[in-house]
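Quick heads-up: it's one chain on its own, the form predicted alone, in structure tokens.
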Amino acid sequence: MYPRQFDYVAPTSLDEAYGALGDDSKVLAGGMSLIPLMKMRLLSPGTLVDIGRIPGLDAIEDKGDHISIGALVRHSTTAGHPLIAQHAPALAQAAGMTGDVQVRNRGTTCGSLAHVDVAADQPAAVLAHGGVAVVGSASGTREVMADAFCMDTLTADLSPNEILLEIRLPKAGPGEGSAYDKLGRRGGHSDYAVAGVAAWVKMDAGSITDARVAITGVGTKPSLLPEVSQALIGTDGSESAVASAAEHAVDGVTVLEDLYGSVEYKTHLAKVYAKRAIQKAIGSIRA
């Protein structure tokens, strides 16, 4: 199937891009999610605003108190960048498990977050790392916590006249570790998640003092799991403590049955992968 006719605009500055946006427009970065939806006519924008020629949006940078991932940073760059490996290992792992080589070389990390697919890898990792979405428009910029930015299935806190400019991630400190793990739809890692979990853990003197755990593939959107985090805090991170916390992996989550699993199966997977991701995060601290 082919998309309906549309206008194509390729601005060379953010001001031009903001001027081209409107109620019947969509921003194009990598296009790995948008173009298939247009071909199936699930989305039919009248105008595509291609931001690929705008300079300054394709870098991962150390900004002092945080790491910045620009709107045009590809999945492959996120997966292999030393700053991400150092400060956001779960995101590096999730980016490396996103799609195939072609998708990773074309799609963008910011685009993945803005798309809010129910089974995407990187949004869960961004949530677990306490990421912030920086949104821009002609009237200025605003910051939104990533968990609030992911509002619902394919729905981000992003107006038609706005662009997701960057993702900001806190820099890692002593005693922190993170990990991402999943079961892909074809049994491996290079596919959408049937169930995937990202975990960030902070330990001090052998005790977990803080944690964030996020899930994807199971519910209506990538989501934080506060009950799992609360169950971890104050424990020693032992296998029994992690297993007990992982039992809360679908608390507050509307588990969706689909072609890839029943509610019971996905509930089981959520607990399994929550345990695995948390154990890997703790293991990275103790290594």
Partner chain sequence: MTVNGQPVSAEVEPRTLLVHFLREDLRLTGTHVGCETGYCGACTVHVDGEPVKSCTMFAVQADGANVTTIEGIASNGDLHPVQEGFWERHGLQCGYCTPGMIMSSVALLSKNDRPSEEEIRHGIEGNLCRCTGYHNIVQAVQFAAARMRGEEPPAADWEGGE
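These numbers were taken from a predicted model, which means no experiment stands behind them. Residue numbers count along the first chain shown, from 1.
Separately, the form predicted in complex with its partner chain exists; it is not shown, and the next lines address it.
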| item | value |
| --- | --- |
| Close approach of Q102 to its partner chain in the predicted complex, 4.5 Å, heavy atom | yes |
| Partner proximity in the predicted complex: R4 to its partner chain, non-hydrogen atom cutoff 4.5 Å | yes |
| Contact label in the predicted complex: D191 to its partner chain, heavy atom within 4.5 Å | yes |
| Its partner chain contact in the predicted complex: A249, any heavy atom under 4.5 Å | no |
| Residue among V27, A231, L224, M32 with a heavy atom within 4.5 Å of its partner chain in the predicted complex | M32 |
| Contact residue in the predicted complex, from M38, V253, I54, I60 (heavy atom within 4.5 Å of its partner chain) | M38 |
| Options 125-133, 162-170, 191-199, 78-86; stretch whose heavy atom lies within 4.5 Å of its partner chain in the predicted complex | 191-199 |
